[in-house]
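We begin with a single chain expressed as structure tokens, specifically the form predicted alone.
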């Protein structure tokens, strides 16, 4: 059995005699077998990670920006060369198919590339002669030790959304990945060290709530970036901000796709299937609710059913597979329970994926595509984030009713509209209460030079992720007002302002 330990101070930290002595299992979702054990940090390991990051900050914060950028350029090249290796680790522990894992690495690389060009974003502003001989300059400085906590569904991408920007700004970083899929983060750290990232600038700490709470409470941690479920995001935001830390905490989602009768229904069905069932629905940008307006409903459900039935499910390592298993047996069973209860709560179960299995891999965490039509908004399948291959269809008679349904949801991560009507699309993008909006685009994940984040119960804190907002999150502003006497004048004391 493989063993995954922490990475602290530029090297592996912890073994069978590690201070906490606690280990967790890592399962291959396709087989159901435990393949790896991962060290779970206690307060002592968390303290060691913070101490290493704090020590490294003393010199990293003053290192020339050109040096930081040069290291990140080398890092980007190493990541690019090892795409397949990183993707293979993701597939082995998270379960997604290799093509999805490669796409994840590619999206993470976008932010590494953004960090490589951070010089422009970090430059300050200067105003001269605001008064006689008085100049005012605005600069941005790093915060110190920063923590990132990321979920299992994107073991590489979300961590790369965090630490490259943070360390480019001059901070040092402690990454706490999900213990369900820990190995990719260690490879990312090893490649960072190979690129020249100094010891202690990037640290990896595995663990559960014990490790997270130790970091949230530590007085030497300046900021926390989190992605996960809404209940945990709310906890992280409340606990960390209570101790004076800067926090961005992205939570859960219930993304809606509104389809008007004038839409290209074939394109809408293709989009709904890809966005709902890709990565087995285990992504925060997945479309989990289609709001079918008026006459679009029956025709759209028929098209989605036809397409969903053709998706090939199998192990992520098989190139023929289009969808892999769910991450754990417990999660698979939880998803199945929503389908089991749907009919009793008023839904038509058009597709039921609970009985699906793969021959020879019966112990894998398999779940077929499920499609629930005429779902009520007070049902469990609608109200909760299922995070699996389950698509709910809600019917609405008018555009106004459909938007009211979307805006009535407590989540506000993302939404989309499918229509040929430009006026309706423009109205939707202004009226809908979500942080990201797609127009004939089912999963509106912004390009790296914009920003990522939702509204309402999908995000806590004022800062969104990556883009220019990451610079503002990982730095703080300072304004310097200076007055210097003219050396050509012989005066006593400080010159008076005009």
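Residue numbers count along the first chain shown, from 1. None of these values were measured; they are calculated from a predicted model.
Unshown form predicted in complex with nicotinamide-adenine-dinucleotide (NAD); subsequent notes refer to it.
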(request) Examine residue 382 and determine whether its closest non-hydrogen atom to nicotinamide-adenine-dinucleotide (NAD) in the model of the complex is within 4.5 angstroms. (result) no
(message) Residue-level question: is residue 371 within 4.5 Å of nicotinamide-adenine-dinucleotide (NAD) in the model of the complex, judged on heavy atoms?
(response) no
(message) Does any part of residue 337 reach within 4.5 Å of nicotinamide-adenine-dinucleotide (NAD) in the model of the complex? Heavy atoms only, please.
(response) no
(request) Flag residue 266 as yes or no: does it have a non-hydrogen atom within 4.5 angstroms of any non-hydrogen atom of nicotinamide-adenine-dinucleotide (NAD) in the model of the complex? (result) no
(request) Could you tell me which one of 291, 115, 149, 192 places a heavy atom within 4.5 Å of nicotinamide-adenine-dinucleotide (NAD) in the model of the complex? (result) 149
(request) Identify which of 201, 224, 111, 158 has a heavy atom within 4.5 Å of nicotinamide-adenine-dinucleotide (NAD) in the model of the complex; exactly one of them does. (result) 158
(message) Based on heavy atom distances of 4.5 Å or less, which listed stretch (139-147, 165-173, 207-215, 272-280) is in contact with nicotinamide-adenine-dinucleotide (NAD) in the model of the complex?
(response) 207-215
(message) Where, within 164-182, is there a heavy atom within 4.5 Å of nicotinamide-adenine-dinucleotide (NAD) in the model of the complex? Residue list please.
(response) 176, 177, 178, 180
